[in-house]
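Just one chain is shown here, as structure tokens, and it is the form predicted alone.
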Amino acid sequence: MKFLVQISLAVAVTFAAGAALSSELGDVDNGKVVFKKCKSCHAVGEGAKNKVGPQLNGIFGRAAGSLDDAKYSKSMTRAGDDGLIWTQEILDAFIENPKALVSKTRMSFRGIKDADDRADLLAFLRIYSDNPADIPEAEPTAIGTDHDLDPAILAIQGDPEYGEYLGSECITCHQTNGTNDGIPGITGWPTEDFVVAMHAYKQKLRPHPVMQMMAGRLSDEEIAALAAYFKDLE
């Protein structure tokens, strides 16, 4: 399954690398504090090396799963091969809920739900990007469009029987027993993760052309029905 493409909107701001920044791009000082949640697995800054997770120097604009000698899941490596680039928007979505974007990532972190903390963390990491002062041209300073789903969409209660009817197209590729034989399994997903992923295809945040086409034909209610069906499929 292919994942996300770069969708970003450049914003002008000036700052020197290493200096504290407090703006709409985030507060670097607080971001350094927030990074403590990450440092058991990741390193950043001078001399940073891969740990349990990859080092994060130059993360902005980098393809997922692309660092030599870093330990990645097959899903993360495939995501990079399929076009996932770490932009401001994509990183924000991943940090909020890692498994919603890369379902079988080795990253067991539950995510950072506070939007301000995520912005501050990314402002801190931006210091260690390749060209942090090239504004607005540099990818590290790009701000993405809002990708959050309307809570009303997530609250839709899907009809699993209707989902079974709709799912006949899905199971031409995805295995109903949940195995990952070249194509990721989709059984047993939490409904919210399923809905978020399908809407990411519908919004063309995930680039797989077939999945974009399939999701684009589905209504909010139909996506909810599929989520309800596959969640309990054994």
Partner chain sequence: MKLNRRIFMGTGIAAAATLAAPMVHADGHAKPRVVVVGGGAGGATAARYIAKDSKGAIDVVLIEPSRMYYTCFFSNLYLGGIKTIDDLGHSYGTIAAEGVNVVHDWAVGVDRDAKTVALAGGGSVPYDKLILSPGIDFVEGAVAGWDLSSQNAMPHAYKGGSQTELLKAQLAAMPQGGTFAMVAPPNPYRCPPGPYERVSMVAHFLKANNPTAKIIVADPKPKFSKMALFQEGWADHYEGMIDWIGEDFGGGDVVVDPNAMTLSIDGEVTKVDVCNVIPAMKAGRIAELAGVTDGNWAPVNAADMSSKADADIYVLGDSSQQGDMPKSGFSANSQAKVCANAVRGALTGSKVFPAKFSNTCWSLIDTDNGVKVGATYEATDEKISKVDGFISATGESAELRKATYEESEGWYAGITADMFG
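Numbering follows the first chain given and starts at 1. Note that the coordinates shown come from a computational prediction; the quantities given were computed from them, not determined experimentally.
Below, we turn to the form predicted together with the partner chain, even though it does not appear here.
Partner contact region in the model of the complex: 158-166, out of 112-120, 86-94, 99-107, 158-166, criterion any non-hydrogen atom within 4.5 Å of the partner chain. Here the marked residues 173, 209 and 217 all reach the partner chain in the model of the complex, each with a heavy atom within 4.5 angstroms.
Under a 4.5 angstroms non-hydrogen atom cutoff, the partner chain in the model of the complex lacks residue 33 among its neighbouring residues.
Remark: residue 222 counts among the residues lining the partner chain in the model of the complex, judged by a heavy atom distance of 4.5 Å or less. The partner chain is not shown here, and in the model of the complex it never comes within 4.5 Å of any heavy atom of residue 52.
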